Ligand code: DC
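Quick heads-up: it's one chain on its own, the form predicted on its own, in structure tokens.
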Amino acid sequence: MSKTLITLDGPSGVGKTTIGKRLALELNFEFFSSGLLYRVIALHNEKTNSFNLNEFEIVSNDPVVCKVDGNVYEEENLYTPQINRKSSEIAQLSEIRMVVSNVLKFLFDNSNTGLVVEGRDMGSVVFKNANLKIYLDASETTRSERRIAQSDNKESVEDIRARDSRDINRKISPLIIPDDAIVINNENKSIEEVIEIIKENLKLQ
């Protein structure tokens, strides 16, 4: 039986990780957030002052633990304001995006039943031939409120706005609605409603 690939794209704070994890659990797929890889690389750079990435291993998916050139990085250490800014900045570098893309493709190739993967360019660049592409959206106000709550007030509305600007305006793989993507505005929808819409669209593929 062929494996299934679902991409979730959209701006910060739109619920990609929360929805992606729940969706993957219901479908018995694996889930991965591409943003975590950028965070790992950002932390690696902070620790080593280098972007040399000779060996990159995902030791665990949940929680995420990565090993980069002998250094181990755990998910619980990836959510600081400094790493938030750094990861968004390095995501503009083509060589870093290539590393992340290759790791994600390796993950899908080695998944058993399928993969739900979220990010900013999953359906538009990394997995153009995904079985189903979803683009999640909501207003800046709603997304800011969600991110502020998730980060225990460590992220501000200005942080969200700055990240949106970098993601949309970067030259390499900007945030766009992928071709053939299903756009879901979850401003006034529950997680269950969004997942049901995605599952119904998956049946049509």
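One-based numbering along the sequence shown. The structure presented is a predicted model; accordingly, all values stated were derived computationally and were not measured.
Only in words, not in the display: the form predicted in complex with 2'-deoxycytidine-5'-monophosphate, which the text now covers.
Could you tell me if H44 has a non-hydrogen atom within 4.5 Å of 2'-deoxycytidine-5'-monophosphate in the predicted bound form? Flag for H44 set to no.
Answer for P178 alone: is it within 4.5 Å of 2'-deoxycytidine-5'-monophosphate in the predicted bound form, judged on heavy atom distances? No - in the predicted bound form, heavy atoms of P178 and 2'-deoxycytidine-5'-monophosphate never come within 4.5 Å of each other.
Can you check whether R146 is within 4.5 Å of 2'-deoxycytidine-5'-monophosphate in the predicted bound form, heavy atom basis? No - in the predicted bound form, heavy atoms of R146 and 2'-deoxycytidine-5'-monophosphate never come within 4.5 Å of each other.
Wondering, does R97 line up within 4.5 Å of 2'-deoxycytidine-5'-monophosphate in the predicted bound form on heavy atoms? Contact check for R97: yes, within 4.5 Å of 2'-deoxycytidine-5'-monophosphate in the predicted bound form.
Could you tell me which stretch in 135 to 143, 53 to 61, 27 to 35, 66 to 74 has residues with non-hydrogen atoms within 4.5 Å of 2'-deoxycytidine-5'-monophosphate in the predicted bound form? In the other structure, the partner sits against 27 to 35.
Can you tell me which bits of 112 to 145 touch 2'-deoxycytidine-5'-monophosphate in the predicted bound form, meaning any heavy atom within 4.5 Å? Contacting residues: E118, G119, R120, D121, M122.
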